[in-house]
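The chain below stands alone, shown as structure tokens; this is the form predicted on its own.
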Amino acid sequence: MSQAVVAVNAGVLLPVLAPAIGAAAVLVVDVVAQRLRRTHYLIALVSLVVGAVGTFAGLGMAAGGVRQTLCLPDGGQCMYAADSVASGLQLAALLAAGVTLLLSWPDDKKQSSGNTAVIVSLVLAATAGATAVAGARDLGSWLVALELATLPTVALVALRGARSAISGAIALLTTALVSFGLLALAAALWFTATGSGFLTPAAALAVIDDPTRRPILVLSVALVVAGIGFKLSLVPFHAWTPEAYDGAPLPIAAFLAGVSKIAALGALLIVIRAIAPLGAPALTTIAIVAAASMTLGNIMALRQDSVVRLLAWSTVAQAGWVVMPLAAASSAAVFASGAYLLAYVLATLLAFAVVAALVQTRGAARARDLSGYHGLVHDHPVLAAALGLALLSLAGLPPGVLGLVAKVTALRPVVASELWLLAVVAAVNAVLGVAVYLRWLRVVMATAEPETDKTAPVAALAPSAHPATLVAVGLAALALVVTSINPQLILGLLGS
């Protein structure tokens, strides 16, 4: 009697396996040689590079192209499938995790070796979850991978030990538990409606003409939007975001703004593609939360004097732009959503990297307060230029051409589907967004620092930024410059 075997292709799974193996290797090395602190980072960066190389075969594939593995025997369905969009999101998650590790490198001297190993392994574990969820096609893998991308971040926020960090970690943990409950219920309803454990259009098509099961499937989709809305920081599921960002170390806040958002969108796109046969009515919820997120996020960002909280509310607003195209229920909407997310991640990581560099050169108190950026262009012109490019990209203004192209790309499916009210809300929020980021940029470009700042003791300022932080700033700035010169690079990665 022959035994059925699930087909496994390790090459296709490399973006997931590399960071997962790297996390295990870091812990093993820490046990064998606890004093080799920097080795943890080197192992992690190598594993991320290997994982990134594993995505190359899937980048830019034509529509319909897909790399599959973990397939059931006799031509059965596959539990893992990575097309150009999934591969693009995986590459972005791996590179964003690399920037996070570079930003956290300066803390290596201040931490015990055990803490260093824990931080690096948790970052790699969450990154493995982010890359896995982008390719998951069955309910079990989808749920587990999404939670693997989420739960390590709770510990990463709490490890700082400060009261604000504990408060942020508790808010994030509460959100994660509620989110998991909603997603587990959504998965149960999906299986009830379709009778299938796979998130595929074929499963949804079996329900489309059944008046008794279709409402169950629509309810499942609504719960998915709510559950992932917590992770994407969509209104009204956003309350944890400012607390967690402000309480977390800056590198972890950057991780939350980058890798965690990539994981959440990857999970949402799996479901959106599966329910495409249901049409636009099933996605009305997305239009509502997108409009609310853009509006509330921009209004609250305008009120912030803490740059970290400003970036947190910026995340809420940008999350609305990320999911807005998905209200159109078209294949172009998936590419538009993915492209906007990549543009947002690039610009936001650069902003966080500059803030981290200024924490080391000006001190945490000044670098986290908006007034501390007064006259930055005269003190640190290179960092000011990098921050300016990031802010202009988020605002969608030249020379941040990538942000402008991303906004046009996000609006195109909405206009094509004649969702005029949503388009008008987006246009109004584009103007509000300009006000948010130009408010910060105006302080950066001020002619001179106020007298009160000039009297600050020079001894209180750190002499220079750590080389690893400067490398992170340089890499993020270079990527943003290149993609602003040629935005088609981002669209091409996603196969658009």
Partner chain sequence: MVILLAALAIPALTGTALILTGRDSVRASEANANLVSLVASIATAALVVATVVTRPKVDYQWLPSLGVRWQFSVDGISAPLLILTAALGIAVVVHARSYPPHGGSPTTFYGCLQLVELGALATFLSRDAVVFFLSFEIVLIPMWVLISRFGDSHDLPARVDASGRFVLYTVLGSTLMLVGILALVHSSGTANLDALAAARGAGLDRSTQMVIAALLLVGLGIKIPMWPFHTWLPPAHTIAPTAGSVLLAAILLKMGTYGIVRLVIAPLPIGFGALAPVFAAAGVVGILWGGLACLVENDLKRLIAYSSVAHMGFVVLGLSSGTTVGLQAALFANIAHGVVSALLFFLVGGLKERWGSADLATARAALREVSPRLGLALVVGFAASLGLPGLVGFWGEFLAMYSAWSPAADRPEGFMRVLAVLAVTGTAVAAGYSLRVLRLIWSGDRTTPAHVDAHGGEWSVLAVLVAAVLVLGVAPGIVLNTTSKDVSVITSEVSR
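Positions refer to the first chain, counted from 1. Please read all numbers here as calculations on a predicted model, not as lab measurements.
The same protein also has a form predicted together with its partner chain, omitted here; what follows describes it.
- With a 4.5 Å cutoff on heavy atoms, residue 249 does not count as touching its partner chain in the predicted complex; it lies far away.
- Contact check for residue 485: a non-hydrogen atom falls within 4.5 Å of its partner chain in the predicted complex.
- Remark: residue 98 does not count among the residues lining its partner chain in the predicted complex, judged by a heavy atom distance of 4.5 Å or less.
- In the predicted complex, none of the heavy atoms of residue 229 sits within 4.5 Å of a heavy atom of its partner chain.
- Residue in contact with its partner chain in the predicted complex (any heavy atom within 4.5 Å), chosen from 412, 366, 160, 213: 412.
- Among the residues 176, 218, 392, 291, the one placing a heavy atom within 4.5 Å of its partner chain in the predicted complex is 392.
- Residues within 4.5 angstroms of its partner chain in the predicted complex, judged by any non-hydrogen atom, belong to 396-404 and to none of the other stretches in 396-404, 352-360, 144-152, 165-173.
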